[in-house]
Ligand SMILES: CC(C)(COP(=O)(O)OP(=O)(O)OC[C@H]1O[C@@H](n2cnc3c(N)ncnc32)[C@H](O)[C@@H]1OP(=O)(O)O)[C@@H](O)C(=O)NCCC(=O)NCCS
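We begin with a single chain expressed as structure tokens, specifically the form predicted alone.
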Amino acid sequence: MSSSPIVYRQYTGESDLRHIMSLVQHELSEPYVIYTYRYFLRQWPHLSFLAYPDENSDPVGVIVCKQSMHRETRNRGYIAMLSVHRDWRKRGIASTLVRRSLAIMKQHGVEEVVLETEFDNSAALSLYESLGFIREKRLFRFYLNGKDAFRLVLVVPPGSEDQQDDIGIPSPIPPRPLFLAPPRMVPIPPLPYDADEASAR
């Protein structure tokens, strides 16, 4: 196992698909057909990242996400899959993958990010809650294996896209000014009035 820094990159195309499927199927209990992967990867390739021990190795971690309008009212992100090979856990890989996807979502104006995870997956719950996610509701028998899930949500405050993420992904959106411009002065012509009435007020 290498001690060199992990290399992260965005999904680049169909050649990455077999690696993503292998990681997800090996580490997650929920089965997915190939069309599910392509649904996410072809529409939101910029929101999926892979982690590599070095540039010549197979990936050891992956995240797959989407971002769209929810009920035409909210710009919502969704973390569909997150998987790190068990031999490479506890190295901050999962956290970095999530933060990289969140950084891109923020650049595209996301207002909230949601996901589901098994109710007894303490490692996943701890990870997401450390990033600011909160438990919204419990979903009974949500998975095909009969397990319940927790739906977690992260509310993204307005303006957070202006900040550079600590993983080094700058926002393309220029920062808002820290001051307000003085109001434009528009002369208002005097209104006709009776001098006696004015003095009586």
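Please read all numbers here as calculations on a predicted model, not as lab measurements. Start at 1 and count along the sequence shown; that's the residue number.
Another form exists, predicted together with the named molecule; not displayed. Remarks below refer to it.
Original post:
If you check in the predicted complex, is residue 108 within 4.5 Å of the named molecule, heavy atoms only?
Top reply: Close contact is absent here: in the predicted complex, residue 108 is far from the named molecule, nothing within 4.5 Å, heavy atoms only.
Original post:
Is residue 90 close enough to the named molecule in the predicted complex to count, meaning some heavy atom within 4.5 Å?
Top reply: Contact with the named molecule, yes.
**OP:** Find out whether any non-hydrogen atom of residue 75 is located within 4.5 angstroms of the named molecule in the predicted complex, and reply yes or no.
**Re:** No - in the predicted complex, heavy atoms of residue 75 and the named molecule never come within 4.5 Å of each other.
**OP:** Please run the contact check for residue 127 against the named molecule in the predicted complex: heavy atoms, 4.5 angstroms, yes or no?
**Re:** Judged by the heavy-atom cut-off of 4.5 Å, residue 127 is in contact with the named molecule in the predicted complex.
Original post:
Heavy atom within 4.5 Å of the named molecule in the predicted complex: which of 30, 148, 27, 136?
Top reply: It is 27 that has a heavy atom within 4.5 Å of the partner.
**OP:** Scan 48-73 and note down the residues that get a heavy atom within 4.5 Å of the named molecule in the predicted complex; none is a fine answer too.
**Re:** Nothing in this stretch is in contact.
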